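A single chain comes next, written as C-alpha cells; it is the form predicted alone.
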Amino acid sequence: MTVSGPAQDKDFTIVIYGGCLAGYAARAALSRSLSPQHMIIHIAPNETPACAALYGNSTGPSGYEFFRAVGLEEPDLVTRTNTSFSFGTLFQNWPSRSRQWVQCFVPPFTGVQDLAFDSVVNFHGGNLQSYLISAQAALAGKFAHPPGDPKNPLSRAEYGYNFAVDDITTTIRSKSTASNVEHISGQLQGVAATNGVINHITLTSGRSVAGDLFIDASGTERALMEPLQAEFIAQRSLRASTARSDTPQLGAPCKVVTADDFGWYSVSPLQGYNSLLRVTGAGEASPALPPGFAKYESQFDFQTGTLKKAWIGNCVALGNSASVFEPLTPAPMTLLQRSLKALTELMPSSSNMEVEAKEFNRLHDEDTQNASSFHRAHFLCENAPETAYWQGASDTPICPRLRRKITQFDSRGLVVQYDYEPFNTEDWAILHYGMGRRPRRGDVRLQAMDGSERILDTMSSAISSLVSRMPPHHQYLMKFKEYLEKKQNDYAR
C-alpha cells in the first residue's frame, strides 16, 4: 500500500475531508492565504451530505468578507449564482399570531443627546423598526446599496446575502484551481491515529493519505473527529425538511421566518426560485407545505449541539462538524467564517500544535456559547404553542450570560455585550424590542431631554421618503446584473 503526502518539496500538508461548503471554503481560503509550501489535499465524497441545508441560506454583513476570502467577489455572487441581497430576516407569528419584526442589519446606533438610541425611542413610545431604514426597506421589498454619504439615511443600513448552499459550493469549487491543491474524489474507509494524533486516512479506493494537519469538514458525520473520541455535547433532536418553488420574480430582500404549531419554516428569495427550510421535532410527520410549494425534496433528522473541543491533536473540525445550530439566524455561516479565520491565523508551523489548539478551542467555546445565547433568546416568550417542538425549545436551559442579558435589559434597557460576540449590541437591541421586551425603567437622564422627539420625527420622515423612492429588489438586482455584465463585456474587448 502506497501512502501519499506529505510531498518532499512541501513543508506542510493539510488534508481536508468533506464535500460540503465547509470543505470547499477551507480549501479555497487556505490556498489563497498560505504560501505554496503548504500542500492542500482535499478529499471530497461524491455525495453532498443532507446537513448542508443547516447553513440556512443566509448570511449577515460578514458574508461579504467570507465570500471574498474564498474567491467570490460580489459580481461573482450576483452573475454566477442565484444569490440575492438581504437586509435581514422578517419574523412573523413568532411564536404567537401577534408578533412580527425585521431582525435587520444596521451599523452601530447613533446616540441622541449622548443617550442610547433605542432607549430614547422607547421613552417616547416609538417603534424601533420605524427608525431602521433596512427594516423599512425590507418590509417594502426595496433594495439599493448603502451609499458612503453619511447624510443619506440609507448609509445607516448594512446587508448580507440569501444564497443556495449547493450553488455556492459548486462555484467555489470551480474557482479553486491553485497549484498547491490536489483534489481527490473519494470516500473515507478508516482513520489511523496514535495517541490522539492522526497519522493517515484510508479511502475506499485503497489509497492512504498522510498529512500534518487534518480538517474535518464532513458535517454531522464528524468522520475524522469521531475516531479521536471527540465529545459532542448534544442538545435537541430535530427534523429538517427542504423544498423549492420556481418564481418569475425575485421577492423582498429578506428571509421570512414563520412560526406555527409544528415549529418554524423559512423562505429565502433567490434568483429564479424560493427556497424553503422547515424545522420540526425529530421523527414528526412533515406538516403541509405553505402555498407555492408542491413537495418536500429532502428530509433528515439532526441533533443540535457542539463539540467540547473542535481541535484535537492535529485535527480541526469546521462548520457542522464543530457545531450544529437550527438555521434560525445567520449563526451557522457566521461561525464557519470565524472558525476558518481563526484557523488561518493560528496555522501551525510544526507538529506541536498544543498552543494553537488551546486558543482555537477557547474561541470555539466563546463563539458557540454566545451564538447559543442569541438563539435561545428567541424562545423566551409567552403564549408559545403547547406542542413538542415549542415545549422542547422552552425547556432548554438558560445559560448565566443570557440570564444576565435579559435581567439587565428588563431592568433598565441595558444591552449587555461580551467580548467579540458574533451578534452585536444592535442585533440584541432589535431582538429584545422585536420580541416585545421593554425595560421597567430607563436612564434617569431621559427626563431631561429636550427636542429628542423632533429628531425622531425628522428621522422617520426621511426614512419613509427615501424608501418610497428606492427600487424594488428584483428591479435593482436585474439592473445591477446588466451593469456588471456590460462591464465584463467591455473589459473583454
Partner chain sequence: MDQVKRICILGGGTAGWMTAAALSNKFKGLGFEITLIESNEIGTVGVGEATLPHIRFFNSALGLDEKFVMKSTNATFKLGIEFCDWGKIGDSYIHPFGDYGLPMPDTEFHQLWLREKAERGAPRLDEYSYSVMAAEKGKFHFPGDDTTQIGSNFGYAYQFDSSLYAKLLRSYSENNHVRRIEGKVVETHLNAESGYVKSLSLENGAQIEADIFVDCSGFRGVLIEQALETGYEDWSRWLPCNRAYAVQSESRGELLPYTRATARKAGWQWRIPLQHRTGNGHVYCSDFISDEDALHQLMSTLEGPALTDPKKLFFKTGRRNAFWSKNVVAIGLSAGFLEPLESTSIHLIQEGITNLVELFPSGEIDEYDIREYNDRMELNFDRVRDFLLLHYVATQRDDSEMWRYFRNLELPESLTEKMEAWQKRGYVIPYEHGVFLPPSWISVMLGQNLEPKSFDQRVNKIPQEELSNLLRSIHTQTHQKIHQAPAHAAFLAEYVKGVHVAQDNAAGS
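Keep in mind that this is a model prediction, so the values were computed, not measured. Numbering follows the first chain given and starts at 1.
There is another form of the same protein, the form predicted in complex with the partner chain; it is not shown, and what comes next is about it.
Novice: Work out which of the listed stretches, 437 to 445, 453 to 461, 55 to 63, 42 to 50, brings a heavy atom within 4.5 angstroms of the partner chain in the model of the complex.
Specialist: Stretch 437 to 445 is the one.
Novice: Please check if Pro348 has a heavy atom lying within 4.5 Å of any heavy atom of the partner chain in the model of the complex.
Specialist: Pro348 belongs to the contact set for the partner chain.
Novice: Can any non-hydrogen atom of Ala192 be found within 4.5 angstroms of the partner chain in the model of the complex?
Specialist: No, Ala192 sits far enough from the partner chain in the model of the complex that none of its heavy atoms falls within 4.5 Å.
Novice: Heavy atom to heavy atom, is Leu363 within 4.5 Å of the partner chain in the model of the complex?
Specialist: Contact with the partner chain, yes.
Novice: I'd like to check something about His38: if you look in the model of the complex, is any of its heavy atoms closer than or equal to 4.5 Å to a heavy atom of the partner chain?
Specialist: His38 belongs to the contact set for the partner chain.
Novice: Taking the partner chain in the model of the complex, would Lys142, Asn152 and Leu289 all count as contacting it (heavy atom within 4.5 Å)?
Specialist: Heavy-atom distance to the partner chain in the model of the complex: none of the three under 4.5 Å.
Novice: Only one of Leu380, Ile398, Leu414, Val197 has a non-hydrogen atom within 4.5 angstroms of the partner chain in the model of the complex; which is it?
Specialist: None of the others qualify; the residue that does is Leu414.
Novice: Given that the partner chain is left out here, which of Ser245, Gln408, Gln369, Thr202 has a heavy atom within 4.5 Å of it in the model of the complex?
Specialist: For this set of options, the contacting one is Gln408.
Novice: Can you tell me which bits of 186 to 215 touch the partner chain in the model of the complex, meaning any heavy atom within 4.5 Å?
Specialist: Read in sequence order, no residue approaches the partner chain (within 4.5 Å, in the model of the complex).
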